[in-house]
Every structure is written in C-alpha cells, then in structure tokens.
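Taking the form predicted on its own, here's one chain by itself in structure tokens.
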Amino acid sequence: MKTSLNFEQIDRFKEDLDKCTKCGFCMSYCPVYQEEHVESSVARGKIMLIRALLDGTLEATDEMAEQLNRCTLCMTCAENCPAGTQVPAVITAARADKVRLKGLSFPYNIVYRWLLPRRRLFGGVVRLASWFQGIFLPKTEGTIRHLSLFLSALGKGRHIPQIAPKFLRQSVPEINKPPAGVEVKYTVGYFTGCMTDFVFPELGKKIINFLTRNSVEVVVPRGQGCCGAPVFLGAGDFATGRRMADTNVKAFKELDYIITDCATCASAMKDYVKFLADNDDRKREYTEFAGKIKDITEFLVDVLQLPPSAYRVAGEFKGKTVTWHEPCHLGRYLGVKEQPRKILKSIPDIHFVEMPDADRCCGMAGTFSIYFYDLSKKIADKKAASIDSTGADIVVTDCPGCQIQLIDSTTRHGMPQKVMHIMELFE
C-alpha cells in the first residue's frame, strides 16, 4: 500500500505519528478513556490504529472512523505527552483521509457540503427548526427546552436553548460606530459564529455595545459564514472546509482585528493554515487572517488594556459568586488562560472563585456530543461536580458550545447555577 497515495493527510503529520512512544501517559488525562477504559479510546490506541492503516493491516472502514470520532480533540493528551505528540492533528488528518477515500455518509454529506456553506439557506432551515421547536418541544427552565422522548434519535433528551426569534445579523447594522464624540481606536470585524447568531443574539448585542462604548468600531460582515469546525475538524471534509475558509477570509479583509466570542470558532479559523492551505496563496492569506483573530477577553486585556472600571456589572449580578469554566479551545489551543481570570478577579462587584479542574473538558466537542451523547453526558457529569463544589451562583465561560453543554448538565442535575458567557455579566 502506497501511503503517499492513499493517506496524504496523515503523511503530512507523520512526524507526530512517529513521536508516540506508547508510554500510556495519555491514559491519565483523556476524558474519553476515563469513562470507557478501552485502549482504542485513548491517544495511544488511536495512534496504533492509524499506524495499522498506514502499514495496510487495517482498512479505512466505518468502524475505524467511529473510533477516530470518539475523541473530543480537547488536546489534553498533547499537553501532557512527554514526547510532545500532537495527536489531535493526526486524528484530524486521518478523518480527512477517510472522507477522501470513502466520502461522507448521508445526511452529513448534505448538511456539511450543501447546507452549512450557504448561510442564507442555513438560516432558513434554522428558522424552520425554530418553528418546530416552539410548537413541539416542552419548555423547562427559562428559554431552555427539553427534547422529548419521541425526538430521542435526534437529541437523546438534551436540554437546549430556544432558537432566537430574530437572528443577530437581522438585529444589528453591518457597521457599528462608537457614540458621538468617542474616538475610534480600532476597527474590528465581529465573527458572530452560528450559536451567537442563531441562539444567543443578545450576547452579540452586548459585545457590540461594550466594544463601541470603549472606542472600537465594530463591523459585522454580512458575507461571513460558519467557521467550518464541524466540517473539516469534526467530519474531515477538507475540500468543503476550504470553501468556507475562503468565504470568511474574503469577508474580513481590511480590518484591524477579528473578534470572536467562541473559542472553538477562533481556534478553527486559526487552523485554516495548518489543515486547509493547499497552495502558497492560501497559505499567505490564511496566515494573515489567523494573525488578526482575537478572543474577546484576549482583545480586552491585551489590546485595549481596559481598567477595572470599564467592566460595569449588570445590577442583577452584583454581589454574586462567579466561577469560570475554561474551554479546551481557549486554554489549550489559543493559550488564553489568564485574560478571562484577570477580568473576573478585577471586578469589585462580584466574588470570583476558581473551579477545581476548570480546564477539564466538558464533553461538548461539537459533533462529538451528537454522535456520542451518552458518553458526552458522563464527561459533563464530572464538570457538573466541579461546578457544584464551588458554591457559585453563576458559572461563566467563553464558548457558546460549552455554554450549551453546561446548561444541559446543570439542568439535568437540578443545579441552581446560572450558566452564562462571560460578556453577559456586563451592561
């Protein structure tokens, strides 16, 4: 079997593949292995499977693909590997080779290749889902709806937020200027992502208002689309991922920075150059694009360098105890660890308490929690226990995906904590 022909993406990361010494340190950290205790669930086992693909002793079957999908890409294994093996990159490459050889199965071929890249069509489908959700799904707490048993094949009982009646980009202008008399220090593009646009538009409005109040002109490009994380990282469809990357790169040209409120979106877009740059032009464009991307907390602390007085806590949250969940994509992928904590510690109107294992994966991991929801819940249960131990009133995070997972977990356990994005704390 010629590996250069059949497994071209794995070949690109073969150096990482060869670094693995089979020591098994990853077994102590992998959130999936901690629940299943099966060798194929841990990084070492997946490396062995991929090596078997390369030497021809194992075929790229659907069963093999399922084992590769049983990974949250949380990067905990890479962070703790004595040899520095970047297993998530190898797994992503193996997923891509499988898709190239075998294609995508129905209905994911329709969703990923025809729906997600077409923003207007995707929005129409989401609107239809909103109508369905409003009629058929019983409400639980606030705007959270519970997927009833007859929809168990879709959501398996997951508690999910209600789809917004009006999407963010229908609610705000494309160009948002600071108030009259306020000098513009930066002009930034706001990458809204799918969750903020369709589910949490009030979060987006708060971020825009916060930035404009602090001398930042905010552009919300109408040409932007999905970051592509479910497509090229989750499903391994690099070809479609490139189309989506090109769309976003084009939409955000000529801006000082690109601000995100979602760690997953930010890390996925920074990874365009790593996985999707197939020629020199794309490599140059993707590199320039990645250099402008800033998580919102990173931008506020490192670029704007705002004083504590800039963070005006909304009245309903004053005096509350707040704890912090660190998304995997924020801490381990982007290296943004201290910035959100610096903000929370500097605010006199709240009491911040550090959560035990704040950086532990919550089990969301995008499509992972759809494919393996029962396993995802088990991982989330450990995070729920950490939240409960803090005695906090509010748990904040910096990823709408994590936010949905934590909402589901705290609701299932009947916990009193309110789950929010960190920027929702402020007026």
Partner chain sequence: MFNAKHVDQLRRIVGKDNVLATQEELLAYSYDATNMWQHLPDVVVLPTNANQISDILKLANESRIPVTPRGGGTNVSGGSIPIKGGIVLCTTRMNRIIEINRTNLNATVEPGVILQDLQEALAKEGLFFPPDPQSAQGCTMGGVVAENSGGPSCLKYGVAKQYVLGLEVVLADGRIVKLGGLTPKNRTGYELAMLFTGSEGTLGVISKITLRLLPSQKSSQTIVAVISDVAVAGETVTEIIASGVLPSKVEFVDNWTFEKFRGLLPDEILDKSQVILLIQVDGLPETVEAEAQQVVDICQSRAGEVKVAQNQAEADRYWQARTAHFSDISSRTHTIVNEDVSVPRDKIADFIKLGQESAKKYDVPISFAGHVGDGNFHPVVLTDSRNKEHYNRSLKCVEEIIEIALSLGGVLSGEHGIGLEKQRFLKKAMDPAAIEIMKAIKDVLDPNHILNPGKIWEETSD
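What you see is a predicted model; the values in this text were computed from it and never measured. Residue numbers count along the first chain shown, from 1.
Separately, the form predicted in complex with the partner chain exists; it is not shown, and the next lines address it.
Asks: If you check 314, 239, 175, 83 against the partner chain in the model of the complex, which one has a heavy atom within 4.5 Å?
Replies: By the 4.5 Å heavy-atom cutoff, the listed residue in contact is 83.
Asks: State yes or no: in the model of the complex, is some non-hydrogen atom of residue 28 no more than 4.5 angstroms from a non-hydrogen atom of the partner chain?
Replies: Contact with the partner chain, yes.
Asks: Is there any non-hydrogen atom of residue 375 lying within 4.5 Å of the partner chain in the model of the complex?
Replies: Taking the distances in the model of the complex, the answer for residue 375 is no, it never comes within 4.5 Å of the partner chain.
Asks: Within 4.5 Å, heavy atoms only: does residue 381 come near the partner chain in the model of the complex?
Replies: Residue 381: no contact with the partner chain in the model of the complex.
Asks: Is there a heavy atom of residue 413 lying 4.5 Å or less from a heavy atom of the partner chain in the model of the complex?
Replies: Residue 413: no contact with the partner chain in the model of the complex.
Asks: Please tell me whether the candidate spot formed by 24, 33 and 40 is one where all three residues come within 4.5 Å of the partner chain in the model of the complex (heavy atoms).
Replies: Spot residues vs the partner chain: full contact, yes.
Asks: Note that the partner chain is not shown here; using its position in the model of the complex, name the residues of 53-69 with a heavy atom within 4.5 Å of it, in sequence order.
Replies: Read in sequence order, the residues that approach the partner chain (within 4.5 Å, in the model of the complex) are 57, 58, 59, 61, 63, 64, 67.
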